[in-house]
Each structure stands twice: as C-alpha cells, then as structure tokens.
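Heads up, the chain below is alone and in the form predicted alone; it's given as structure tokens.
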C-alpha cells in the first residue's frame, strides 16, 4: 500500500513545470472539495471561498490509504487552513500538508492558480 504514496510529492510554486487545467471554477463546491485525476494521481482540490483561496493536495489519506480527502471538511486551526479526513478526522494543513494531530506523515500539496474561469494545478512533471 505504501507504493501509492510514492506517486505524491509536494510541489512548490517555484518548482512548477506543468500547469494542469483541472476544471472550471464552477465545477468545485464553495467551501468544499472535489477530486481530479492527473496521470496516476488523484488530487483533492478545495475552493476555500470563505478565505478566497484555493488549495490542492493528494486525495489519499496516509492513515487508511483510501482516496477520500476531497470529501473531507475544511476549516482552520488557529488561522491554518486544514482538511479533516472523513474516515477518522485526522487533520492536515492545506498550506504545507503537515498532519496537525502529529501522528502521521505529511501529505503532498500542490500550488493552484485561477486564470479566467479555470482552475490549474502545478506539478513537477
């Protein structure tokens, strides 16, 4: 199961080589998430409308190895935007992937940009 996690590595904005057109802004719920596929990856994309920000991370939860993070609830922890896994409520920072409970590895995060009415996710390749 750990080989699933090998597909996911955080991409920093300055390292982006590919901007993948994920979908239209209208395709994502306000203050919620949806899953998109890029190559072998499932990516959770969140429209955090309350903050007027967008976030993307791996969709796979490192605890149960299920593709569920896009269905998690988003909120904040002392100003840090986060997502809670719908299976076990473990929370992860949407900014840097850190497990806010401190008992799991960080998840991979990806930059997001909005151009016109489209959502783009940044990847290394």
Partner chain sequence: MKTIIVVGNGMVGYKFCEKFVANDASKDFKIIVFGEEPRPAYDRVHLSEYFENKDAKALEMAPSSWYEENGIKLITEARVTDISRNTKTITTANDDKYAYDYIVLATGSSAFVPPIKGIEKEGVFVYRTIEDLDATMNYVAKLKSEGTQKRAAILGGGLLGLEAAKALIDMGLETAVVEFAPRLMPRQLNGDASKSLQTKLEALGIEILLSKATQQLTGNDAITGMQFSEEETVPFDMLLVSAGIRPRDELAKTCNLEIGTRGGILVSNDMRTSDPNIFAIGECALLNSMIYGLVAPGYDMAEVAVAQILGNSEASMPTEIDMSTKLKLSGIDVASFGDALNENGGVEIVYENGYEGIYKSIIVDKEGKSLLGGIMVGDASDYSMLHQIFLNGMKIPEDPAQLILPATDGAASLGDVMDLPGEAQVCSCESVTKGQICGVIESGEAKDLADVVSCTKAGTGCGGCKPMVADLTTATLKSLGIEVKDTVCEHFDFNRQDLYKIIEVKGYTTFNEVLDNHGNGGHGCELCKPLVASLMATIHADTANKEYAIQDSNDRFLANIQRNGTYSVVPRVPGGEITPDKLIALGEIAKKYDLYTKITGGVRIDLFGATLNQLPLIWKELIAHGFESGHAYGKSLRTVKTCVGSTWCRYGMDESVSFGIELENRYRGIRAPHKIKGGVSGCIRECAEARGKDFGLIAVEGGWNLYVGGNGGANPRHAELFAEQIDNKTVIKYLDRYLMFYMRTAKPLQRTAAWQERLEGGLEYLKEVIIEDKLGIAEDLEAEMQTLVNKFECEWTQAVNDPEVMKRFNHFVNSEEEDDNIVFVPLREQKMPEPWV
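Residue numbers count along the first chain shown, from 1. What you are looking at is a predicted structure, and each value in this text was computed from that prediction instead of being measured.
Another form exists, predicted together with the partner chain; not displayed. Remarks below refer to it.
Engineer: Any of the heavy atoms of residue 23 lying within 4.5 Å of the partner chain in the predicted bound form?
Structural biologist: Although the partner chain is absent here, residue 23 would touch it in the predicted bound form, with heavy atoms inside 4.5 Å.
Engineer: In the predicted bound form, does residue 93 have a heavy atom within 4.5 Å of the partner chain?
Structural biologist: Contact with the partner chain, no.
Engineer: With the partner left out here, check for me: in the predicted bound form, does some heavy atom of residue 33 sit within 4.5 Å of the partner chain?
Structural biologist: The answer is yes: residue 33 has a heavy atom within 4.5 Å of the partner chain.
Engineer: With the partner left out here, check for me: in the predicted bound form, does some heavy atom of residue 71 sit within 4.5 Å of the partner chain?
Structural biologist: Contact check for residue 71: yes, within 4.5 Å of the partner chain in the predicted bound form.
Engineer: Go through 50-66 residue by residue and record those having a heavy atom within 4.5 Å of the partner chain in the predicted bound form; state none if no residue qualifies.
Structural biologist: 50, 51, 59, 64, 65, 66 sit within 4.5 Å of the partner.
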